[in-house]
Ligand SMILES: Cc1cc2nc3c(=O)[nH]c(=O)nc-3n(C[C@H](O)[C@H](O)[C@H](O)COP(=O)(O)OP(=O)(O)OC[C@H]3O[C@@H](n4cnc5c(N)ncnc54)[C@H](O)[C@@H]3O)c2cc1C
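The chain below stands alone, shown as structure tokens; this is the form predicted alone.
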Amino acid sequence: MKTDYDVIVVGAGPGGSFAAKNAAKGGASVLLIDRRKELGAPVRCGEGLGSHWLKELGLKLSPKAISAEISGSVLYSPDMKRAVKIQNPETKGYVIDRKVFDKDLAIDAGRAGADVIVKTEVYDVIKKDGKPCGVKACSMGERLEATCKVLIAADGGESTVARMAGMNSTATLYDTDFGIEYEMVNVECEDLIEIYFSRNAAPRGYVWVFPKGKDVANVGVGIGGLEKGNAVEYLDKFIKNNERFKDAQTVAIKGGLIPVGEPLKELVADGLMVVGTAAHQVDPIHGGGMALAMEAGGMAGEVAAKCALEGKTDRKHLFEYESRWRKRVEPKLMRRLRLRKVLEKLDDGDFNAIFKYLNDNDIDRLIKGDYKPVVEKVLLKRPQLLKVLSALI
């Protein structure tokens, strides 16, 4: 390993590996660091990935990275009397194996020319005149230092690198969800992602079942950070009260926190870029951030390489990444955030009524951000929701 690089990326998740690969392809010398000894673990998501992202990101999944193919999703009302199934070309996708997938992405970064080191904990950011210019880390019991022109923080929801570099990347409890997930066997599955809405089962969140095979599934729950109780209690209760899981066995436990509020107010500073969950680039509705992180990481890596090679690594020039991302991605996330804040004001009675009135096309419109016709349809049947739902029009 060298001690001086154009770009250092901390965090070899999907966003970090994508940033490292694109920076290396842009001609920069790159170091990719991760604190874990095994990339992709622990898993902190349902592991779902829409097939449309493969084309958009230029991805090719290895067969070993695919646990199951998905044709769509089914959403259940709180009283379980109504289910809305959504199946169309845009709902096709995969449940992947993150341990394989994340490692594949890091391998791609290495093949592009990046140096990759794992089991390496960054404990400080080196600064010169207040500007980040490197990291101090502990690797396999030995201390090391490496300098750079651009530092990219891609170290997840608990990002410490951005904070050490001088950027406030913390999320409030209100804008944080806590998730827990069991990988279970003896669970009968179809090729559908299942979503269960219920304030009793998952306050300000939902329960999910992501199939990973014929009888293996990720079964999890996410709840709001300010809700009473904890996610484990809610998930255990859901499983206990569902006859489907009577013979199920847990073979892995996964979980973590998820920032589901607005993206960071600033994504760049002098010598610094923040990417992925560390930048709160997460879907506010379902908490998914894997594809969004890769999308942002690709942009950040390209800009970082260009700026580093030109010797223009101040905020003004690195801002090209932030500008591109905000123009292309942020409006969609802000619409989704608006929907999340409306949904959290509804009770189970409201959800049961809404499921009664809406069909799969209506739900598909909501997912795509076409709120007005759906809101109008609901208000015809449930006008008492005018004050709440008007925020979507």
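Note that residue numbering follows the sequence shown and begins at 1. All figures in this text were calculated on a predicted structure; none of them were measured in a lab.
This next part talks about the form predicted in complex with the ligand, which is not shown.
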query: Heavy atom contact within 4.5 Å of the ligand in the predicted complex, the stretch among 150 to 158, 84 to 92, 233 to 241, 319 to 327; finding: 150 to 158
query: Proximity of residue 255 to the ligand in the predicted complex, heavy atoms at 4.5 Å; finding: yes
query: Contact flag, residue 217 vs the ligand in the predicted complex, heavy atom cut 4.5 Å; finding: no
query: Partner contact for residue 272 in the predicted complex: the ligand, 4.5 angstroms, heavy atom; finding: no
query: Exercise: residue 31 in contact with the ligand in the predicted complex, heavy atom 4.5 Å; finding: no
query: In the predicted complex, the one of 134, 179, 263, 211 near the ligand [non-hydrogen atom within 4.5 angstroms]; finding: 179
query: Contact residue in the predicted complex, chosen from 223, 195, 308, 122 - any heavy atom within 4.5 Å of the ligand; finding: 122
query: Residues in 5 to 36 with any heavy atom within 4.5 Å of the ligand in the predicted complex; finding: 10, 11, 12, 13, 14, 15, 16, 33, 34, 35, 36
